[in-house]
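Taking the form predicted alone, here's one chain by itself in structure tokens.
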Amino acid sequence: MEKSAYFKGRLLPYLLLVPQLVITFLFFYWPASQALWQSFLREDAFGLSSDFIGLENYQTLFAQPEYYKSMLTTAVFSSLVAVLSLSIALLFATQADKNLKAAPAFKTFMIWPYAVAPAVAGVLWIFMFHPSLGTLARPLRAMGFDWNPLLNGDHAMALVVMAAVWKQISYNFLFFLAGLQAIPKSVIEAGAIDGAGPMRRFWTIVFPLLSPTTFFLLVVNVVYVFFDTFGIIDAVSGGGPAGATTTMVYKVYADGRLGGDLGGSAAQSVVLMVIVIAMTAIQFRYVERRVQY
């Protein structure tokens, strides 16, 4: 019989929750409320004076063609990063789960990129693929491929996608590997005895049992792409060329910090927050139905 801890005082559970509630309020709810209020104001570049203008910032925002372009760029970027990072991490996790001699070293090398900051990851990739100085750009030019992410928008998008995918694979790999190791081997062996091949066992046994992990990672990766890829985009392309890699989160920074439009930037952050919350709610409403717990 397992022993369980029991506390007589009713106050202790609430005291244990207080630090997390304070952190959540200070770093999420308070900044979100400030951004919401700021989106109704017109402020100078230094934030010293402000005027209440209602929904004018939102009207100006949705009248800009550049904002809809950033939405499309975000949709393409987020789809590519989420699909590639999840699929590649799942492939690596299935290989690491096998009884191989080099499995411990393989797992260690797979985890290392997670410790790299997004901005540093972006710098590493731009060093490798810089059109004139990059170590991997020279072989591309030698093969006759005119690689130039500084001038070609498609090349720049491919570069930021590769950097973002490389940064996120480690995180997904850890959870997929933990999920694979939690699957009873007897279930997989029973499928093999019944004559199911490796691919059939994976799609009919392993992947359905991984659905809770996959759903969790899908939600996390969507949030990662919409918010945490700012450092990569800023270090690799700076939103260029010609706005080809300007996602919604980078446009918030570009218009607010660089352009001095604090009210318009706050309105963009509110719209971005609403979109992410709506996408998360849709995932829990429709995608979670197919999760097999």
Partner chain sequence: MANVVLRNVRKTYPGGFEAIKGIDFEVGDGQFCVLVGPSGCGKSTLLRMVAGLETITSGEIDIGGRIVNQIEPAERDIAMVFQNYALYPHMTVYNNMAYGLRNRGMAKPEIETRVQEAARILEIGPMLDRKPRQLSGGQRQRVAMGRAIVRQPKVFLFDEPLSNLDAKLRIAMRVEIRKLQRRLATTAIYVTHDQLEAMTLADILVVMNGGIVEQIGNPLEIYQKPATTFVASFIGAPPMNLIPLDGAELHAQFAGDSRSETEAGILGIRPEDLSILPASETVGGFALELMVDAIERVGPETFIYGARAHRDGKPAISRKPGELPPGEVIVRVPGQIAPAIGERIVATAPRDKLHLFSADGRRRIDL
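Note that the structure is predicted; figures quoted are calculated from it, not measured. Positions refer to the first chain, counted from 1.
Another form, the form predicted together with its partner chain, is not on view; read the next lines as being about it.
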(message) Between A96, L80, A196, L218, only one gets a heavy atom within 4.5 angstroms of its partner chain in the predicted bound form; which residue is that?
(response) A196
(request) Note which of A103, L91, A75, A192 lies within 4.5 Å of its partner chain in the predicted bound form, where distance is taken over heavy atoms; exactly one does. (result) A192
(request) Go through 83-91, 129-137, 179-187, 152-160 and give me the stretch that gets within 4.5 Å of its partner chain in the predicted bound form, heavy atoms only. (result) 179-187
(request) May I ask you to check whether V116 falls inside a 4.5 Å heavy atom distance of its partner chain in the predicted bound form? (result) no
(request) Would you please decide whether T204 lies within 4.5 angstroms of its partner chain in the predicted bound form, comparing each non-hydrogen atom pair? (result) yes
(request) Would you check, heavy atoms only and a 4.5 Å threshold, whether R141 touches its partner chain in the predicted bound form? (result) no
(message) Can you tell me if V222 lies within 4.5 angstroms of its partner chain in the predicted bound form, counting non-hydrogen atoms only?
(response) no
